[in-house]
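In the block that follows, a single chain appears as structure tokens, in the form predicted on its own.
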């Protein structure tokens, strides 16, 4: 589904990402972990063509993302609050995303109804602009918006940050359910090793922009990751 070959990103002579190859098959739940500055957000930004690679190619379903926009209709993401439109209410934002993805209001409402527990009565019907919501509630809105339109690739950067424990548990359940549908490829980055090992069947560790581990998740994975980051 996603193929990364000879990928690098350099800023002012400093290489922040240098990956020989990563192949992510269709339907895989893929986790990305690493310390601050490891290159996680850079990689996701390259996957979404938000920045251009210095070298190399990323293909999604055989489409080179830097050369065509044909991958966009089946791809969605929430990276940070910049993906939101702050002067809209949550409902206005969801309907706007729905229009972009060819969904009518009834389609969007039907999807939103599935996430009432996740929203916890804090998102819909609040008559509050997104910019005035807490960081956690902004993140809830952005994550659910990424599910609109039946995407086949979903990219979530640090989705558990700023969420309370109850919401983190609910989000893990949502990601697991998505990954059970082998038609959907889910990419998640996180600083929380426990969360990512619980929801991802494969975990890649980045260190200083390079892949240092590529693990199939097992009962031993969490301890292996903890040992690595403990130094």
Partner chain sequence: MVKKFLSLQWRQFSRSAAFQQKLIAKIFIGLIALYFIGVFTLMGIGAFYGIKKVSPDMDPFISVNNVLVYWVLVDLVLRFFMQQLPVLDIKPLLILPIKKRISVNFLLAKGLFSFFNVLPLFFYVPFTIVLLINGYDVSGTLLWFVAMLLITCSTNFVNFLINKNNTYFALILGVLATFVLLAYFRVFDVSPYVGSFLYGIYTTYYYALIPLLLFGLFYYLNYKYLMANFYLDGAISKKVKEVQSTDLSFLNRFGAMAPFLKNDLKMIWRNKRPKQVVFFSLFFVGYGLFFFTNSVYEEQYWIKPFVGMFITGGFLMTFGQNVPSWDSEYYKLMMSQNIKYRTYLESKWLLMVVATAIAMLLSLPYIYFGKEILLIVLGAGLFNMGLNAFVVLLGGVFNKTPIKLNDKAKAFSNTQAFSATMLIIALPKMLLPIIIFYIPYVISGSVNIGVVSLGVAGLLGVIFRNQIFKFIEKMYQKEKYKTIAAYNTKN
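Everything numeric in this text was worked out from a predicted model, so none of it was measured. Numbering follows the first chain given and starts at 1.
Another form exists, predicted together with its partner chain; not displayed. Remarks below refer to it.
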Within 4.5 Å, heavy atoms only: does residue 180 come near its partner chain in the predicted bound form? no
Does any part of residue 73 reach within 4.5 Å of its partner chain in the predicted bound form? Heavy atoms only, please. yes
At 4.5 Å between heavy atoms, is residue 112 in contact with its partner chain in the predicted bound form? no
Interface membership of residue 69, its partner chain in the predicted bound form, 4.5 Å heavy atom rule: yes
Any idea which of 42-50, 160-168, 186-194, 199-207 reaches within 4.5 Å of its partner chain in the predicted bound form, heavy atoms considered? 42-50
In the predicted bound form, the residue from 99, 107, 150, 117 that sits within 4.5 Å of its partner chain by heavy atoms: 99
Would you give me the residues of 145-179 that have any heavy atom within 4.5 Å of its partner chain in the predicted bound form, in order from first to last? none
